[in-house]
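As structure tokens, one chain now follows by itself in the form predicted alone.
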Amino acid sequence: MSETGQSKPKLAVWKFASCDGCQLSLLDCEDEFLAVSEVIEIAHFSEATRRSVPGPYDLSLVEGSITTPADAERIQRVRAESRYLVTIGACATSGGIQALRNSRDVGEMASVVYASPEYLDVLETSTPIASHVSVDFELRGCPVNKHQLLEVILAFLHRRKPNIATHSVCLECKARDSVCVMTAKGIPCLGPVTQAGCGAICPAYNRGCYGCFGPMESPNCAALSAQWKAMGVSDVDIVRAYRSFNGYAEAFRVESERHESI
């Protein structure tokens, strides 16, 4: 019996400004998710079903960033109805790719893209969920790792801390016996400052890490940038590298701004 008085804990999945990729990661769990659904009630999940059960909810998973006044109000309602709230993916945890507008004039960009920008009702910035409400856990990734997502769901249902690694992608490279693309091939790579979770896919195929899982715990971005500079990477390219999926995450944002000012 859950604390909300239901025979099964109630799970809700919410979408804000995003591409739905992290919700699809949950659906990709297939057999594992079917097993989980036997012990929880999927009360709200528009990506999977039209069925929607009123709250309160034991656990809410939130994908997407806050980009409109309406969403800024809606996330408050979601938080009020949720015992635990977990943000999933780069959009929800760091503002996402849409946060690239945070360093530009939104009105100017809208006038270029839209024929009638006066009909738009958007905020000046795209911000993570934690900028608006309290968050119980942030799961990084673009998209999230489906196995990590299942771990988070089960952890909160059993009231324990999720077992999610906070070390860098470099350790994943070592685990799969991949040669370091920076030292062996001179390819710029964000792996030393990026949180693990992807399995070091890009370096395994001779490409530098793009930072999909955001900053690792206590990243030394300045040291990595210095190494890139020694390899001949320009400040412009360093700024571009940090300003991708997780460009508004504090560590990446601060480093990109430092090189933009040079």
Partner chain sequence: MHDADSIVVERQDFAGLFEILRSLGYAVVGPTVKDQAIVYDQLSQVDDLPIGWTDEQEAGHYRLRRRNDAALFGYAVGPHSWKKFLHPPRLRLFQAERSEDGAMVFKQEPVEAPKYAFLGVRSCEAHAIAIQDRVFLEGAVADPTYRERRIGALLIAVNCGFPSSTCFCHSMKTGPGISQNTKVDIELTELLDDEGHRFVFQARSQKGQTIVDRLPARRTTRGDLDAAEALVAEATETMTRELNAEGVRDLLYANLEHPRWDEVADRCLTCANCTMVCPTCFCTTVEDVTDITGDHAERWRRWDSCFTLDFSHMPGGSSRQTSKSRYRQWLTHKLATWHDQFGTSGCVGCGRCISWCPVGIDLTEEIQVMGQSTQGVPSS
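Please read these numbers as outputs of a predicted model, since none were measured by experiment. Numbering follows the first chain given and starts at 1.
The same protein also exists as the form predicted together with the partner chain; that form is not shown, yet it is the one meant from here on.
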property: The partner chain contact at C170 in the model of the complex, heavy atom, 4.5 Å; result: yes
property: Touches the partner chain in the model of the complex: S234 (any heavy atom, 4.5 Å); result: no
property: 4.5 Å heavy atom contact, S134 to the partner chain in the model of the complex; result: no
property: 4.5 Å heavy atom contact, C180 and the partner chain in the model of the complex; result: yes
property: Contact at V36, L154 and K174 by the partner chain in the model of the complex, all three, heavy atom at most 4.5 Å; result: yes
property: Residues from 222-260 in contact with the partner chain (non-hydrogen atom within 4.5 Å) in the model of the complex; result: A223, L224, Q227
